[in-house]
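A lone chain, given as structure tokens: the form predicted on its own.
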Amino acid sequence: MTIALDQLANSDDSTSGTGLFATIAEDLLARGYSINPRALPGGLANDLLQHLHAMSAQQFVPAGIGREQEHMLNRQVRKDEICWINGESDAGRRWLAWAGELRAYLNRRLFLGLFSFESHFAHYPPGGFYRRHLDAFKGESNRIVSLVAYLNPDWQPGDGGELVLYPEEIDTGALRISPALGTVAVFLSEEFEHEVLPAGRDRFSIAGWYRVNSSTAGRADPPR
């Protein structure tokens, strides 16, 4: 069974501020993932989109797989390019502040101990994809919760580029999420395999991860 989540709309009351945060927390507790079509605050979504359009192609680099010494490029696994969000732009600062509010809410509500957040813009050119994978392997990473926000106005069903999430309880299919402007997907990083289907046109998103603190005396984590 494939569940298409591209035409739904949530009311302002259920998706603004703590209303959206509460929905995400309840969903994570109940099933480990939360899909919220067009739920990112409109002003923030539009500012991020405008900022993307103002960025130069030179700010993006080909995305790789693995971290630190194991990082490598593999165009058979993923074909996208990224730019890390460091808060230098106004839109980036607003995004990081919003993500920080969500982190604080999840910690209060679910006692997850989320310590930090990292995220990047992602551009999938026509034909771009990311094969099925996990964001974190159990016992090998401190990524706990994955957060994705989409920045594509007027995305149509034939444009491809859907996020496909594979919950274990759905034996015969998957959740297919359209990357429409403002849609927010949150899921447990160690639990859910997912992929990005080939995009039919330029596709933009933000991918981010909440992490726990695994720093030691000799090693800072996150390393960036």
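In case it trips you up, residue 1 is the first one in the sequence shown, and so on. A quick note: this is a predicted structure, and the numbers were derived from the prediction, not measured.
Absent from the display: the form predicted in complex with ligand OGA. The rest refers to it.
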Applying a 4.5 Å heavy atom distance criterion, does Y124 contact ligand OGA in the predicted complex? yes
Check W209 for me: does it contact ligand OGA in the predicted complex (non-hydrogen atoms, 4.5 angstroms)? yes
At 4.5 Å between heavy atoms, is W98 in contact with ligand OGA in the predicted complex? no
Find out whether any non-hydrogen atom of D135 is located within 4.5 angstroms of ligand OGA in the predicted complex, and reply yes or no. yes
Quick one: in the predicted complex, does every one of F21, R94 and R103 get a heavy atom within 4.5 Å of ligand OGA? no
Relative to ligand OGA in the predicted complex, which residues of 179 to 206 have a heavy atom no more than 4.5 Å away? H194, V196, R203, S205
